[in-house]
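In the block that follows, a single chain appears as structure tokens, in the form predicted alone.
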Amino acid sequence: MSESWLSVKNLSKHFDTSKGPLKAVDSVSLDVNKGDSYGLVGESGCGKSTLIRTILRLLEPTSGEIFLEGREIAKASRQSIRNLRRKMSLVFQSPHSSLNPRMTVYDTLARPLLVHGITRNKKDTTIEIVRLLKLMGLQAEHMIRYPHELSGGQKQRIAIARALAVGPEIVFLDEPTSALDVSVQTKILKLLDLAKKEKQLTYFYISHDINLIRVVSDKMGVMYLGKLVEIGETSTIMKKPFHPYAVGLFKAVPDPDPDKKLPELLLTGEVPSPVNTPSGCVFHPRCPFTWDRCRKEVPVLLKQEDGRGVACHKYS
């Protein structure tokens, strides 16, 4: 039976700008169970990457709570956070920019091992690096190469190997396959699944690729303008989304059947600025079902009969 491992309560991250606070993440609450794959979808700029960086304390939260195995870490000291780094790892969106071009693969993978005292000498470090490379389908000879000598898929494997080097319990994956060819994407996902089973990992994917989240996640959330608008089992939400934004977002996914009629898109207009968010429901300027309450009152993420949570007055 899965147990709650990571819990986020009313987490916000605002940035100060000349025009006022930019609400990148606004009162987000979610739970990730141990051993699950959690997926988060939403349009570019909705706050997905900022959310995971705030959870990891790479960015300091403006407000809210973060519980890791029941321990509150949102206000924990830097030293305490350092000790927790081994439990949480991040695979950045672009392996081209996240790998140091002046460091060999050996140096890149050796650094987290030595920083956290996982290995004590060069022999043990080399053995562990070879093991990580093999786990990612690479050879020992790759350890002497520099990033510019690797393909895009190989760079991403190195980035994943670096995240796994410290033996984390949860791995955050920021658009892990977005810059890769389709055939390479499949190989990366298979390697991630293999690593998950072998090491009993928990994954937290974020992506604007809904089909990817459909395949890799057990539970998912839909994010819009810094807020979660729907959460629940992936199969339940994918089968029939409730929130109007989720409905429109899913309908925008291309269907490979050339004879299938294109649906009418529910999403109209532009995403409002996170500096000047709409009153009430942040989605109401683009929603086809808006009524007075939507303009005045912020909807709460309420649990429905099938277990999902929806932040929409239609379901309150």
Partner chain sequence: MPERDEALYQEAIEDIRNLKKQRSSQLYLVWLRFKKNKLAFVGLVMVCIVLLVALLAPILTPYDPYETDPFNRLQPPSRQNWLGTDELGRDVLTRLFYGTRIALLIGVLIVLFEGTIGITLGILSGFFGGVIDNIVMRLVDILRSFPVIILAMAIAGIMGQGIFNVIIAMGIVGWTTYARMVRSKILSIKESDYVEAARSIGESRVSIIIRYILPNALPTAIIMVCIMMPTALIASSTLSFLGVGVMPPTADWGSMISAGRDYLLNAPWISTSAGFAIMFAVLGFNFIGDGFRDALDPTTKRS
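Everything numeric in this text was worked out from a predicted model, so none of it was measured. Numbering follows the first chain given and starts at 1.
Heads up, the form predicted in complex with its partner chain isn't pictured, but that's what we're talking about next.
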Is Q79 part of the interface with its partner chain in the predicted bound form - any heavy atom within 4.5 Å? no
Does its partner chain get within 4.5 angstroms of any non-hydrogen atom of R120 in the predicted bound form? no
With heavy atoms only and a cut-off of 4.5 Å, decide whether E72 touches its partner chain in the predicted bound form. no
Give a yes or no for I170: in the predicted bound form, does one of its heavy atoms lie within 4.5 Å of a heavy atom belonging to its partner chain? no
For this chain shown on its own, do L6, H14 and Y38 all sit within 4.5 Å of its partner chain in the predicted bound form, going by heavy atoms? no
Contacting member of I160, L225, M143, A195, with respect to its partner chain in the predicted bound form [4.5 Å, heavy atom]: M143
Note: exactly one of L201, L99, I206, M136 sits with a heavy atom within 4.5 Å of its partner chain in the predicted bound form, namely L99
For the interface check, one of 50-58, 273-281, 63-71, 26-34 should have non-hydrogen atoms within 4.5 Å of its partner chain in the predicted bound form; which one? 50-58
When its partner chain is considered in the predicted bound form, the residues of 113-133 having a heavy atom within 4.5 Å of it are V115, H116, K123, T126, I127, V130, R131
